[in-house]
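Consider the single chain below, provided in structure tokens and representing the form predicted on its own.
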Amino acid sequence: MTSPLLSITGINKSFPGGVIALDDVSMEFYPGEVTAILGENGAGKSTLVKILYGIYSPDKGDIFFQGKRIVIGSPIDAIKKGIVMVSQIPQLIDRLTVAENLSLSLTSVGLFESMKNVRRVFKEISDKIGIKINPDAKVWSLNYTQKQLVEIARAVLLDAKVLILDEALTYLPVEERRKFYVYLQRFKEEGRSIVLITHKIPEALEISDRIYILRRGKVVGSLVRENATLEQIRELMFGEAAKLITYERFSNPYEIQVGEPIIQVENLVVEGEYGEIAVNKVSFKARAGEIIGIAGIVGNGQRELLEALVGLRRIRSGRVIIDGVDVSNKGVGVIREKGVGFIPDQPLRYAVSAENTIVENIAALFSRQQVVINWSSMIEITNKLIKEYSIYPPNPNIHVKLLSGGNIMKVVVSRELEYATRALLAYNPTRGLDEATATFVRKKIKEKAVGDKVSIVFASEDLDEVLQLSDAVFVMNRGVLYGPFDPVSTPRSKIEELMVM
């Protein structure tokens, strides 16, 4: 066996409030290999990645690169050493072209390439992957798959020796994801190393050579892929909770029929950030007790649709009717007062204040109409949600910024499900959640619909999630809504074809 390209030994990292994120973690990353790091929410994956990329410094422990001990002081420092990260959310400037973004990335670390050469290299990479993009296209006009290609191209141009993929490919459609896998195979054949952070165990088993499993900040497993099984990994990650994971369609435990329409959308037209039509004459109804699932690749209008429904985005034309009242362009306050919950897929941007505590973030919604907050009641609700959703650390007074991404999502999901009495709108409601927690949340959403007769409209890039939860499935592509389709009788291939056509 060759020597590790990158290795860490005895890494420890703690945060205020008694949060131990990493506890004596050691790992090795070899050239020509894909190493997957798996773990439940709060296991320490994000903290580890941020240490490797120079965002955090370890409290204790060492990092070795090509056999030499190094200190990574910043992302630019990491890039100069040959460590590049591609994250789940593309880090690109929308107003610039693809080529301008790539050139700017090179300039930021002291590298200078002509625009002609940048275009040439980008064309070579896109040809190899099989995803054609004009290098002079504005980034805002690209879909999610295309943006991730730009990020991969950036890593190649930066001559990455270690490529960290932080949930970067997880939400691509199957065929698009496999195109990237083929290219990553070539990448590692050049003697480079790939570190894959993912919540999808099948993804790790499909692409990785070696798998590490973190649990509550400790390495609890180190497996070679050929010897690893799905069941074994789940047990290491979740213990007894692994038995509850399922992708079977949820039945209606109460056998309650859907009722009257709660949400009615009529010929809705909504603009995107740059004046383009993001939602194009969309119409549908969501009835009491019914779950409407919208499948689609990110960037096809799902976010704009849901933001318009909850009052966060202005409607150019058409109507949104909730409980028989036209709420078009009436604002988020009016819509929320009707008992409408909202789960965005970027909670730190749209749903919580990182500088405030868990209980303060809960109180901000439940006490929005009150002059004086009943803190004892808010703490009682918060403690109930912490216990029910296994939020870690289980402290209502801990600041949100000290939670892992998955636990921040748990705070948002638990609060909005508790608040929703008439309708729930959600965009990727389990994004960032581990398998066990995602299964639990989907069950809670189903129970909310059939038990409380709440109307639910959600969009997700995870087609398994859409098929598992929905009573009716739609597909959104370039602002147009196709459907409805029966999730039981409609072939999966037909839905996927509509997603990428």
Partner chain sequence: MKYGGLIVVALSLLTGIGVFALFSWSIGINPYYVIESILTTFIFPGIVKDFLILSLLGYALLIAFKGSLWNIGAEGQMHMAIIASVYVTLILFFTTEKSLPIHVSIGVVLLSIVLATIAGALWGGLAGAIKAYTGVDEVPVTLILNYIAYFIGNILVYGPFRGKYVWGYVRTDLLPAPYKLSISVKKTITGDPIVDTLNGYLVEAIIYSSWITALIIVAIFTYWLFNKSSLGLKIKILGSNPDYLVTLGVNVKKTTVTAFMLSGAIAGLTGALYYHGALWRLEYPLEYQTMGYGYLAILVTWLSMLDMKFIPISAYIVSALIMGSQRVSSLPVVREAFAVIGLGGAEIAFRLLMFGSVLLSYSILRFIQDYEIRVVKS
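Note that this is a predicted model, so its numbers are computed, not measured. By rigid core we mean the largest C-alpha set that fits within 1.5 Å across both forms. Positions refer to the first chain, counted from 1.
Omitted from view is the form predicted in complex with its partner chain, to which the following refers.
Full three-residue contact with its partner chain in the model of the complex, heavy atom 4.5 Å, for Phe15, Ser57 and Ala351: Every residue of the spot touches its partner chain in the model of the complex.
Given that the partner is absent here, state which listed stretch (298-306, 327-335, 388-396, 185-193) has heavy atoms within 4.5 Å of its partner chain in the model of the complex. Selected stretch: 327-335.
Name the residue from Ile381, Leu172, Ile373, Leu230 that puts a heavy atom within 4.5 Å of its partner chain in the model of the complex. Residue within 4.5 Å of the partner: Ile373.
Under a 4.5 angstroms heavy atom criterion, identify the one residue in Ala137, Leu312, Ile131, Ala242 near its partner chain in the model of the complex. Of the listed residues, the single hit is Leu312.
Going by a heavy atom distance of 4.5 Å, is Gly61 a contact of its partner chain in the model of the complex? Looking in the model of the complex, residue contacts with its partner chain include Gly61, since a heavy atom lies within 4.5 Å.
Using a 4.5 angstroms cut-off on non-hydrogen atoms, would Arg415 count as touching its partner chain in the model of the complex? Answer yes; at least one heavy atom of Arg415 falls within 4.5 Å of its partner chain in the model of the complex.
Answer for Ala363 alone: is it within 4.5 Å of its partner chain in the model of the complex, judged on heavy atom distances? Because a heavy atom of Ala363 falls inside 4.5 Å of its partner chain in the model of the complex, the answer is yes.
In the model of the complex, does Asn356 have a heavy atom within 4.5 Å of its partner chain? Yes, contact at 4.5 Å.
Using the core for the fit, does the CA position of Glu388 change by 2 Å or more between this form and the one not shown? No; Glu388 is a residue whose C-alpha shifts by less than 2 Å between this form and the one not shown when the cores are overlaid.
With both forms fitted on the core, give yes or no for whether the Cα of Arg303 moves by 2 angstroms or more between this form and the one not shown. No.
When you overlay the rigid core, is the Cα of Asp94 off by 2 Å or more between this form and the one not shown? Result for Asp94: yes, a 2 Å-plus shift.
Based on a C-alpha change of 3 angstroms or more, tell me if Trp140 and Met476 lie closer or farther in the model of the complex than in the shown form. Compared with this form, Trp140 and Met476 lie farther apart in the model of the complex.
Any idea whether Lys147 and Ser404 get closer or farther by CA distance in the model of the complex, knowing it moves 3 angstroms or more? Lys147 and Ser404 sit closer together in the model of the complex.
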